[in-house]
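The form predicted alone is given below as one chain in structure tokens.
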Amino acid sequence: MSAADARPQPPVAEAIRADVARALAEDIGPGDVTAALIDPAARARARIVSREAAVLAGSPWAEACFRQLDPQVRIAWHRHDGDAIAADEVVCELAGNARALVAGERNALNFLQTLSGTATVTRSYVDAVAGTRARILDTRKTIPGLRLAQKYAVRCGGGHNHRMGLYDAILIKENHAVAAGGIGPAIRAARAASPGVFLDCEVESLDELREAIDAGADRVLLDEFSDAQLREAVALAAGRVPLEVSGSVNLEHVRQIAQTGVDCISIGALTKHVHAVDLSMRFEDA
């Protein structure tokens, strides 16, 4: 397998175009009145530079920002999504219509900064659990309208995706179980309603874990378990069902969680607590 084949695959092009069209319409509206001061035929060259160390993500969205404004723009990426980038490193070089470059700059950087932020924090968690069996998962706690983009960024950081939405997997949480009469009845009802769909079930005690395993859950989510309880849960499950941990996970504690022997750790902060990476775009002198 080539390095390119191993890279995370972005969403389909139409989804990226839709994200970008929405962002450009929000920003430019009927026209960029500041860019109007530039000769419409003027050409320019520019560079996007990282001001801090990070993991790059979002290049398809950034590229689409410029291509929707200037289909002939030339973009040369020096780093690819999933690559580590250093402070003051040139990430890419652009050449095209000057008005298009300045009009697309902010949105291109918004996508790159936000998605690189998600990829960067994901990589820190992935590195923290290296050598254990645990995989780092995201959640549905994403920026509205940017779920596919953020989940792609998680993959760029070496993490894995939980369900994309409410349509592609079942996750029985406390309220579902209460409404259905308990964990066992909830699992059986879900199996009857959606046979063959992956089923994850949240539990809050070892007794509930036993019930979820006996009812045939595909994976069990251990919510707010202590490390000692996690080790008990791993012994109880004995490999019969994968175990996922969620709730109050932070970078300082995640390796201790992973060392209990659980299979997955889902972390809402990967996509919810976004710290944008510092990137900038500068025109080159004519």
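Predicted model only: the values in this text are computed from it and were never measured. Residue positions are given as counts along the sequence shown, with the first one as 1.
We do not show the form predicted in complex with another copy of the chain, though everything after this point is about it.
Of 241, 49, 230, 35, which residue is found within 4.5 angstroms of another copy of the chain in the model of the complex when only non-hydrogen atoms are counted?
Checked against the cut-off, the match is 35.
Pick from 179, 130, 76, 86: which has a non-hydrogen atom within 4.5 Å of another copy of the chain in the model of the complex?
Contact check passes for 179.
Looking at the partner-bound form in the model of the complex, is residue 141 within 4.5 Å of another copy of the chain by any heavy atom?
Output for residue 141 is yes: heavy atoms within 4.5 Å of another copy of the chain.
Is residue 80 one of the residues lying within 4.5 Å of another copy of the chain in the model of the complex, judged by heavy atom distances?
Contact check for residue 80: no, nothing within 4.5 Å of another copy of the chain in the model of the complex.
If we define contact as a non-hydrogen atom of the residue within 4.5 angstroms of the partner, is residue 125 a contact of another copy of the chain in the model of the complex?
Close contact is absent here: in the model of the complex, residue 125 is far from another copy of the chain, nothing within 4.5 Å, heavy atoms only.
With the partner left out of view, is residue 255 within 4.5 angstroms of another copy of the chain in the model of the complex by any non-hydrogen atom?
Judged by the heavy-atom cut-off of 4.5 Å, residue 255 is well away from another copy of the chain in the model of the complex.
Going by another copy of the chain in the model of the complex, which residues of 111 to 129 come within 4.5 Å of it through any heavy atom?
Stretch hits, in order: 111, 113, 114.
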